[in-house]
Ligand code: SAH
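Here's a solo chain for you in structure tokens, the form predicted on its own.
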Amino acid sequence: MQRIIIKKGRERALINRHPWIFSGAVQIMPDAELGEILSVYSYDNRLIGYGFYAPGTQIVCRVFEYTDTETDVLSQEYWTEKVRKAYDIRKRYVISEQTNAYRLINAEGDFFPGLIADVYKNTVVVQLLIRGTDKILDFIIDALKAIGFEKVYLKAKEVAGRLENVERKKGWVSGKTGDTKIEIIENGVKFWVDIESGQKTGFFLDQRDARMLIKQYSKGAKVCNTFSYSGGFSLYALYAGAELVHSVDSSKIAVELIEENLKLNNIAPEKHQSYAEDVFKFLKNTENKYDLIVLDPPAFAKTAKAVPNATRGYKELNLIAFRNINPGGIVFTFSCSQKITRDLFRKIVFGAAADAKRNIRILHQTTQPPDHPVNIYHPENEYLKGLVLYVE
């Protein structure tokens, strides 16, 4: 196995187990292929671990195993054990008779850079984010089979193809096939998930805990769920006894999926209204005042350069919501932009609150659920942040 050697004085991040090795920290670049597994060594010939190689990029190696002992990372047994450890956490803390949809592998959060694996009932949807995981796909599939999953669907991620030449097309990769539209259950609420054409891998699993939290505030309330997609927050609010729920999303396909999910849960249609409209325009033009508003937009800042525009977008969105909420109302506001830090997001919401000239209290601060763990050595993996606000 080829080696990548770290410069003297540049080992600090590796000693602290950060999984990314940047090009400037490397003393000798190996003549290896994109995605090849390399052993990582210090300048004085000490084994540090193993990682996926990406020559010609800023992050030239992503470490998936920190060890000073030689390990057979090219064996099926190694990868099966790695997947099994992640599964055991979900089995203990997430999976139940009331929840059969969850994230099984959360990239660096599960010490598995370059891989996302989401479970929907008995099907696993995999996203390969780097060429390294693309090269070991067979190991991944066999590892999933070893813990009981026979159906594996590959969902392409555009950025992976653009950055690391991951060119596989979406589709079934496990031999066995199944339906691409799957009925799941989450905290007792049923949803249809379209793994072929739905957003992300088909569903926003990372908001499970926040959806559960909204039930505390929805009884008898008039609710507006913006960027509603398939209606996650809407259905939870209706289950909790909301008087009326408006779901707003720019996608007509998403709105149609909400209607299907209402039928799936036998919810009275007169308690819900969908709007296929731009959220900003809807909130600016509506004459409705709400008791609870959910702001769960897509990532406004996917790069550092996008942060200033994203900041303005988040502030405007929250300001409009504060102007449309009844006294004593609740606003659930979120950012899933990794480049928007928790502190920055709170400052943005503070700015909107100050402009709205209303007294606002933070009741809860939310983050990712336990099936989206954050590697403590890799804080970049913490992308989701939320505030539940009481507005006087």
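All values derive from a computational prediction rather than experimental measurement. Position 1 is the first residue in the sequence shown; the rest follow in order.
A second form of this protein, the form predicted in complex with the named molecule, is not displayed here; the remarks below concern that form.
Chemist: Please check if Gly241 has a heavy atom lying within 4.5 Å of any heavy atom of the named molecule in the model of the complex.
Modeler: Output for Gly241 is no: heavy atoms all beyond 4.5 Å of the named molecule.
Chemist: Just checking whether Asp118 would be counted as a contact of the named molecule in the model of the complex - the rule being heavy atoms within 4.5 angstroms.
Modeler: Heavy-atom contact with the named molecule at 4.5 Å: absent for Asp118.
Chemist: Look up in the model of the complex whether Ile184 has a non-hydrogen atom within 4.5 angstroms of the named molecule, and give yes or no.
Modeler: Ile184: no contact with the named molecule in the model of the complex.
Chemist: Even though the partner isn't displayed, in the model of the complex is Glu277 close enough to the named molecule, meaning a heavy atom within 4.5 Å?
Modeler: Yes, contact at 4.5 Å.
Chemist: Of these, 71 to 79, 249 to 257, 171 to 179, 306 to 314, which stretch puts a heavy atom within 4.5 angstroms of the named molecule in the model of the complex?
Modeler: It is the stretch 249 to 257.
Chemist: Just to be sure I understand the contacts: of Phe111, Trp192, Phe322, Phe204, which is the one whose heavy atoms reach within 4.5 angstroms of the named molecule in the model of the complex?
Modeler: Filtering the options by heavy-atom distance leaves Phe204.
Chemist: Given that the named molecule is left out here, which of Phe139, Tyr217, Phe227, Phe149 has a heavy atom within 4.5 Å of it in the model of the complex?
Modeler: Contact check passes for Phe227.
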